[in-house]
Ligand SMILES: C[S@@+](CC[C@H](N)C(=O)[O-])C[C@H]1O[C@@H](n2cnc3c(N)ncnc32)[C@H](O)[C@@H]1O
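So this first bit is one chain, no partners, the form predicted on its own, shown in structure tokens.
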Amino acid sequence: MAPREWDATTYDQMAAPMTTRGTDAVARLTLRGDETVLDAGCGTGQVTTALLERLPRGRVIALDASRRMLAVARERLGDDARITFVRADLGQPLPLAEPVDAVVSTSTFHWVRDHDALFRHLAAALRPGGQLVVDCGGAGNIASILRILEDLGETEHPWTYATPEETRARLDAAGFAAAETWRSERPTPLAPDELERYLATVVLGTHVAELGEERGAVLVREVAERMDEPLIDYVRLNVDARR
């Protein structure tokens, strides 16, 4: 499945939960300040801004598969000479001119179906000893929403929600060492009047794109109405590893 385009402007307005998790991931990086770091799935650049603060003498490669996301990120980050923007699919070999010192990724890897290939591509992009820090959806993520979708007859989904054990095995096979993987719960309450907009943009955007605007809006409304409360039951897969 090819990556979809995103409503980047709306996403940017609703990205606080992803940005919070992203800045937490950036804080886990061990940096001197002069490294080259790949932001794998940079979105609209909110987390990239935090990453740049830790790299006063370094560089960031801001990579995303969505043209619209990259356009908003460029607008946010301006003409900072430390940034290179790259449009690429993480499910394919990465088109980087040279290896990077670290990779950080937030709320992205669960959109990549083949995690075996994903970690091989990342290993190829990292220098020996390079660091990988990840936050993404893991096994159990949005479980209540998945149950509602199944009740509504929607059984095909665009996500890969892996366990820490599955991910550690994939990292080992791809050549990573000292890999730590763990699960954390990050329940996220939303304002009731923002729930449908958030679902349509962030959680169910692929479903809406495939169903079309009218049928997609009906699905989003039905999911929102069946939720016990306006809360997204996020469960995160976290990774700290070295190449």
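The first residue of the shown sequence is 1; numbering continues from there. All values derive from a computational prediction rather than experimental measurement.
Although not depicted, the form predicted in complex with this ligand is the subject of the following passage.
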Report summary line: Only one of 60-68, 182-190, 209-217, 26-34 has residues with a heavy atom within 4.5 Å of this ligand in the model of the complex, and that stretch is 60-68
Requested in this report: With this ligand left out of view, choose which of M18, I232, A224, V235 has a non-hydrogen atom within 4.5 angstroms of it in the model of the complex.
Outcome: M18
**Report entry** Candidate from D172, E165, E150, D89 lying within 4.5 Å of this ligand in the model of the complex - any heavy atom
**Finding:** D89
Query raised in the report: Given that the partner is absent here, does W159 sit within 4.5 Å of this ligand in the model of the complex, heavy atoms only?
Result: no
**Report entry** in the model of the complex, W111 touching this ligand (heavy atom, 4.5 Å)
**Finding:** yes
Query raised in the report: For S107, is any heavy atom within 4.5 Å of this ligand in the model of the complex, or not?
Result: yes
Query raised in the report: Which residues from 9-46 come close to this ligand in the model of the complex, meaning a heavy atom within 4.5 Å?
Result: Y11, M18, G41, C42, G43
